[in-house]
Every structure is written in C-alpha cells, then in structure tokens.
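Starting off, we have a lone chain in the form predicted alone, written out as structure tokens.
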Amino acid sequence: MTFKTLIIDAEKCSGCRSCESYCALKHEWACNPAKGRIHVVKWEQEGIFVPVNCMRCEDPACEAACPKGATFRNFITNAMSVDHGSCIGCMSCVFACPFGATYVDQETGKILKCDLCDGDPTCVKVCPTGALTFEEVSAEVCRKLVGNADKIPALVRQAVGEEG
C-alpha cells in the first residue's frame, strides 16, 4: 500500500519560516507563524533548523488520547484531522504527540494539526530550499520516517555538544 506524505529534509531547511507563515495564512487567514500547522525548531548558533509536522503515525497517540474521538485519520489524505465540533479543548492530543507536532492556537484554544492541505500542501509549494516535499511512499517507508524522526532530539543534542 502506498500513499503520499510530507517528507522533511532538515539538512535543506534554511530556517526562513515561510512554511509556517503560509500555512497560517492558508488556514487562519493570518500571517502569523504561531497559527501554522508546521513549526521550525531552531538552534541558530549551530545553524540547525528542523521543521516539525505531524508524522501521521501508524498508531497515532493523539487519536488514542482524545476522550471525544475528535482526532481521527482522514483515510482519503492519510492526514490526522480534528473535528472541532467534537473537540472539548482538553489538549490531550497535544500532550500525547511524541513529536510535539500538535499545536494549540493560544488566542482561541483551537487545536491546530496538519491536514496536508487536502493533498496539496502549501508548505511544499513555498519552501525555497526544497526541504519539504510531498511524495508517494509505502507504509514501510513511512514507518522508517517516523523511526528516524524519533532520533532527531539525540542528533540535535549531539550537534550542540550536549550529552545524549
């Protein structure tokens, strides 16, 4: 089985944050990176920039944690979605995400989660370095991507000289 997913190549990311701004503009009609569904984590001194986005896990912790079933997989796009009508704002999904890729709008309390722009991600279109791509992958490759994402914190610690 194959499907399209967002691929992040952190080595190509320049930290420009275009992805954050355009995502917020598309979804919230505000050019405010805090309202995006993708965020760039920065270690500026070391020149490390890591875009963080929903990994669309095989067994999503965000979905399991939601007491109202408001977080669910959209089987057309494979994105994890939030039914804002059912969401009670408890933020269980935010705390459950092992990647820190479920966000909350600080003004409204609304859960912000990447919906892959219904299969045509804006962030990919505006990324000037090609750090973001939208590619067809197998379920096995997707599992490897999630496994690789698990290693990011240790790699960053190593790059900035902290003990792992």
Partner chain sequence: MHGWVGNILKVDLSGGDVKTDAIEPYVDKYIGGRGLGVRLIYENFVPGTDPFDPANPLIFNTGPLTGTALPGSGRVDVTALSPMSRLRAKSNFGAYWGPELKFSGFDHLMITGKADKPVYLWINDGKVEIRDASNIWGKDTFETQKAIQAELGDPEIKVVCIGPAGERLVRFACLITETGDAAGRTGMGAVMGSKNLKAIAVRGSGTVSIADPQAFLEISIAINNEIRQHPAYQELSQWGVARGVHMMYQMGFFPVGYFEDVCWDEILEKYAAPDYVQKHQVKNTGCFCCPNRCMNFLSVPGIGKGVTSCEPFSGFTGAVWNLDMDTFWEATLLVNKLGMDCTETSASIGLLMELYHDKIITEKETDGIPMERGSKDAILETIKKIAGREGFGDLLAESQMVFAEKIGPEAVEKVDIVKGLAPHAYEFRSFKGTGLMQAVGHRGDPLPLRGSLLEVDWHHANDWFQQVATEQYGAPEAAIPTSYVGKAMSAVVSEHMERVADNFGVCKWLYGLFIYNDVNMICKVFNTATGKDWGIEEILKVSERVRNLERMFDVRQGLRRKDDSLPKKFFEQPLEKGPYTGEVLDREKFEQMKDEYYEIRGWDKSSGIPTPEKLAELDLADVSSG
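Values in this document were obtained by computation on a predicted structure and should not be read as measured data. Numbering follows the first chain given and starts at 1.
Although not depicted, the form predicted together with its partner chain is the subject of the following passage.
Contact annotation for Tyr103: none of its heavy atoms lies within 4.5 Å of its partner chain in the model of the complex.
Its partner chain in the model of the complex comes within 4.5 Å of a heavy atom belonging to Pro128. Contact between Asn32 and its partner chain in the model of the complex is found at the 4.5 Å heavy atom cutoff.
Its partner chain in the model of the complex comes within 4.5 Å of no heavy atom belonging to Lys110. Contact check at 4.5 Å (heavy atoms) against its partner chain in the model of the complex: all three of Cys13, Arg17 and Lys26 pass. None of Asp118, Asp59, Glu135, Glu46 but one reaches within 4.5 angstroms of its partner chain in the model of the complex through a heavy atom, and that residue is Glu46. Residues in 57-72 all lack a heavy atom within 4.5 Å of its partner chain in the model of the complex.
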